[in-house]
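First comes one chain, alone, set out as structure tokens in the form predicted on its own.
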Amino acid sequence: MSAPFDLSVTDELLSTTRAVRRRLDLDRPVERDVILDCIRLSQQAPTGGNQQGWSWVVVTDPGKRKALAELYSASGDVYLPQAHAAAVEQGNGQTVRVYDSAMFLNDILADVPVHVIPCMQGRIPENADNATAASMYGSIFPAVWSFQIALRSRGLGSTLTTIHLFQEAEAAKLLGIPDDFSQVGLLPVAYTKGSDFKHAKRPDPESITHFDSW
């Protein structure tokens, strides 16, 4: 029985949708219709209880992008160098490179042409159990990933970041986000410089998979 899709194309898309930071094209404008097309595709993602409590804040105004970048850096300037130093000490070259690029993004975030903040209606209660937290985040992160795959298929890149959430209230005030909506991240979005992204080094699936019991 043949597969319903071209697996060579599908598998390549899934395995090369990388977290893009250094190769974001800061000079090329991103069309509003492209962002809306990617959000439209993300709306087909599954959700808990069939409740699509999503909203997307798309920030293109240079002043607001600069303000968001300043909120991001308020935590990024502290956290990222510490995480980078820990990776260096552990001798994990791949992780060191990730934090190198994360610090690069921290420095140029204001210049990325589009900032996208996915939001979900409701807030996780304090001291919520794991099931409650998983059901809420599980209802939006599939949509976020679909959005990123749709970007990749159109020649754009992004990375899901969460550092600005330490200043979530300030970001909400800046953008007028209602109190009953939770921000779940910030995605810097731009066309990419080239499209030749590679597979990441990952462990064999057999080493992390448990059939029937751990």
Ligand SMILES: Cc1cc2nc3c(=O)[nH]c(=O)nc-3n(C[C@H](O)[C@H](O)[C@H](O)COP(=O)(O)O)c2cc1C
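Just so you know, these numbers come straight off a predicted model, no measurement behind them. Numbers follow the displayed sequence, beginning with 1.
The next section is about a form of this same protein that is not shown, the form predicted together with the ligand.
Next item on the list: Work out which of I163, A171, C38, V189 lies within 4.5 Å of the ligand in the model of the complex, going by heavy atoms.
Entry: After the contact test, the surviving option is I163.
Next item on the list: Only one of V116, M120, A143, L105 comes within 4.5 Å of the ligand in the model of the complex by heavy atoms, so just point that one out.
Entry: Filtering the options by heavy-atom distance leaves L105.
Margin query: Within 4.5 Å, heavy atoms only: does T159 come near the ligand in the model of the complex?
Written below: T159 belongs to the contact set for the ligand.
Notebook entry, point to check: Does the ligand come within 4.5 Å of any heavy atom of R23 in the model of the complex?
Noted result: So R23 does not count as contacting the ligand.
Notebook entry, point to check: V98 near the ligand in the model of the complex, any heavy atom under 4.5 Å?
Noted result: Looking in the model of the complex, residue contacts with the ligand include V98, since a heavy atom lies within 4.5 Å.
Next item on the list: Could you list which residues of 7-25 come within 4.5 Å of the ligand in the model of the complex, counting heavy atoms only?
Entry: Residues within 4.5 Å: R18, A19, R21.
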